[in-house]
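A single chain comes next, written as structure tokens; it is the form predicted on its own.
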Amino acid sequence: MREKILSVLEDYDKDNIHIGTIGSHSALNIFKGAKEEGFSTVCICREREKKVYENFGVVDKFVIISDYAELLEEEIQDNLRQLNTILIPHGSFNAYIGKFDSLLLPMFGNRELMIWETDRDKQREWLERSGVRMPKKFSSPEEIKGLAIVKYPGAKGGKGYFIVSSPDEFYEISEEMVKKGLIREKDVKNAEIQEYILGANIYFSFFYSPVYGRIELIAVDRRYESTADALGKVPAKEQIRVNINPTYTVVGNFPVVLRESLLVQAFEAAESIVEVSKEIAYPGMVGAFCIESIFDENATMYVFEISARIVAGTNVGIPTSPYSYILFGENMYMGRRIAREIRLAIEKDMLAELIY
């Protein structure tokens, strides 16, 4: 597979590269960064979303589709190859595309690690081999003792997630979520049930640079989660009376500056995760990745998920975050950091090392 991709890349005009992505998730971030680093941009989107990217003026060319899966069609891919397009994957690629073996376009990052990300068992193996501290996993609802959070495969942005404290509650709330259309019956069977760690959720957006051979902390954020964050506006007696079962659909993000003494835990986790990535999917991590964590009352860090690509939380870092500014001494955010890496790799004849 990689040989085919590199063959496509070999035919590209390196002086006329387009940076492309699907018009959703973190596309504005990606396109703005590409423009600031001197690249032309191409947006693959539906007609309805086109107005967003036209409004912000960050797209040079549009490829209009009616469904995201059309990106797998040969005609669309050939069009993008003619533009010398390098795709930047984000959460919508996992949620709506998935079949990376049919995507014969150069993609920034490691597509094999994105498959590990979306498979809950593979992801847990990756994290366990990295030696990071993790919440306990319950293999079936009957094992639930104490607070647990129920999650589903893929990049769903927290949609349909819920908290339970017993097997009976799991089945009761699952049925309710299915009726509401938040999840499907098959999602219930494929659910991952994790111990719920009470603490502060912190999301670290790192970048692994093959050009510099280093791990960089670009931004830190936390999520604004639909009904879960709305509960504070509803008196406790009313919550009980109407039997509110909150879910965790992400609607936005907030920037966070962490206590400096806690950063070492994040860097240690990032280092071990990158090292193991080299063992499970050659050549390992490339570019953006996010470590999703919780800090408990003792300020101990637990890692509960990893994303092997840019996450939407990096949008809070535009035009810069304290961490990226300290590192670069200029405005730097994830979309621009990706484009900077591509530009440097072209200059150093290292572009093939970024494409998998």
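Just so you know, these numbers come straight off a predicted model, no measurement behind them. Residues carry their position along the shown sequence, with the first being 1.
As for the form predicted in complex with a small molecule, it is not shown, yet the points below apply to it.
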Contact stretch among 137-145, 101-109, 78-86, 198-206 - heavy atom within 4.5 Å of the small molecule in the predicted complex
198-206
Since only the chain is shown here, I'm wondering whether Glu37 would be in contact with the small molecule in the predicted complex (any heavy atom pair within 4.5 Å).
no
Given that the small molecule is not shown alongside this chain, does His18 nevertheless sit within 4.5 Å of it in the predicted complex, heavy atom to heavy atom?
no
At the 4.5 Å heavy atom threshold, is Phe304 in contact with the small molecule in the predicted complex?
yes
Quick check on Ile294: any heavy atom within 4.5 Å of the small molecule in the predicted complex?
yes
So, Ala95, Glu225 and Asn253: all three within 4.5 Å of the small molecule in the predicted complex by heavy atoms, or not?
yes
Which one of Leu258, Val188, Leu113, Ile149 is close to the small molecule in the predicted complex, taking close to mean a heavy atom within 4.5 Å?
Ile149
Scan Gly160, Gly91, Gly284, Pro210 and let me know which has any heavy atom within 4.5 Å of the small molecule in the predicted complex.
Gly91
